[in-house]
Structure formats: structure tokens, C-alpha cells
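The chain that follows stands alone, in the form predicted alone, written as C-alpha cells.
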Amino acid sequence: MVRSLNSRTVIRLALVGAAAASLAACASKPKPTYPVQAPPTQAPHTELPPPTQGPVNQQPTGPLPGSSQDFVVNVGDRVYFDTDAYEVREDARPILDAQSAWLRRYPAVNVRIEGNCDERGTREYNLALGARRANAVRDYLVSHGVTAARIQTISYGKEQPLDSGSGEESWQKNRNAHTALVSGAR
């Protein structure tokens, strides 16, 4: 014979179910991994060697030292940030150190630091956060010997995402500061 459940039993079961759902929602999630652009492992290129008496058609390999391609390939042009943060992360410091060394080697080059955010938050919030990210990178470079007059900053907020997807993997890529060479590169 099937017994009907009284209202107290139904309420108790509902409370137990709600508590179980609450605990499941609070379960810790693993910390996300962030994209990292490592500085090159090889020594940066120096000036081109003087011409030798070799074959006429011999061309140097790799990007031209002092060029935009040299900067991107041998130094790195982008660093990443944590959610709602503008502090320079530890994994960004080697890239920014390499950028400051490269910029000191090529004093005619001027740069623009472009602060970017993920799609979450209001347009105004993300524009302000992107500006703080760009300024944090500028301040780091200036503190490492790059003349402040050579550096412009701009915030694109969430307007120019690298990855148009929606989710943590895309958001991680979009929380960045990009160093663009604007003049003086070969």
C-alpha cells in the first residue's frame, strides 16, 4: 500500500534538496589558466653585421632588427590581466622587461599602449579599466628606463576583443594590454 506524504515530509525533502543544491553551487572551481606570451628564449638580434665578401644573393634570416616584426617575434607585444584587475602580473614582467630593453635599444621608436577588457561589465566600466591597464604598463616601462614622452595610452574597453567568443577562455585573451609601435620602427 502506498502511503501519501504529509506536508511536513514534503517540506523536509524540499529543504534537504535546497541545501544539497546550495552546497553543489559553492563547490570550488579550479583557478583558470591564463594565456601567456613568453619572451623569446634566444638572445634578441643586434644590428646587422657588416657586409662580407660572400655570395651576392645571401639574405639575413629573421626579422629586421628594430622593426615591428622584430618587436612582436623577439620581444612580445601583449600582456594579460586578471579579472577586474589592472596590476601587472608576475608572468607579464619578463615580457615588459624585454619591451623596455628593446625600446631603450631603439630610442626613436614611439609606442601606444592599448588597454583591453572582456565583454562583461558596462561600456564605461571597461573603458576606465582598460585605461588603468594601459597606464599600469606605461608606468612599468617608464620605471624601467623608457622615456614617458615616447608612450601614448588608449583604452578600447571591450570594443576590440581578440576572441569574439563568450566564456572564460575568450575572456582571458581579451583582458590585455597591447604595445603597438606607432613610429620610428624600421
Partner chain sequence: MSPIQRQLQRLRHLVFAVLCALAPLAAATAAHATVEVNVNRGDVQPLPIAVPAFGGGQVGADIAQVISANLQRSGLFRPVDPASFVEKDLTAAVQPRFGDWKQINAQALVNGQVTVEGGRLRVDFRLWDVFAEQQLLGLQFTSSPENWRRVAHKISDAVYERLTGEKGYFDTRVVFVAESGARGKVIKRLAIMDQDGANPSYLTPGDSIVMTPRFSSNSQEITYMALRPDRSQIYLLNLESGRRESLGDFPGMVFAPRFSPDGGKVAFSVEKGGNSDIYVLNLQSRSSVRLTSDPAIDTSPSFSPDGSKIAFNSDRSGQPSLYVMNADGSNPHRIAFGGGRYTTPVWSPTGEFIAFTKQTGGEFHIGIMRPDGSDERLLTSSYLDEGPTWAPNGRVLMFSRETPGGPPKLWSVDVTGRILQPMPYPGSGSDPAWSPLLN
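Positions refer to the first chain, counted from 1. Keep in mind that this is a model prediction, so the values were computed, not measured.
One more form of this protein, predicted together with the partner chain, exists but is not displayed; see below.
Colleague: Evaluate Ser143 for contact with the partner chain in the predicted bound form, applying a 4.5 angstroms cut-off between non-hydrogen atoms, and reply yes or no.
Modeller: So Ser143 does not count as contacting the partner chain.
Colleague: Looking at the partner-bound form in the predicted bound form, is Ile154 within 4.5 Å of the partner chain by any heavy atom?
Modeller: Although the partner chain is absent here, Ile154 would touch it in the predicted bound form, with heavy atoms inside 4.5 Å.
Colleague: Just checking whether Ser67 would be counted as a contact of the partner chain in the predicted bound form - the rule being heavy atoms within 4.5 angstroms.
Modeller: So Ser67 does not count as contacting the partner chain.
Colleague: Asp82 near the partner chain in the predicted bound form, any heavy atom under 4.5 Å?
Modeller: Flag for Asp82 set to no.
Colleague: Determine the residues of 90-116 with a heavy atom within 4.5 Å of the partner chain in the predicted bound form and present them in sequence order; the list may be empty.
Modeller: Counting only heavy atoms within 4.5 Å of the partner chain in the predicted bound form, the single contacting residue of 90-116 is Arg112.
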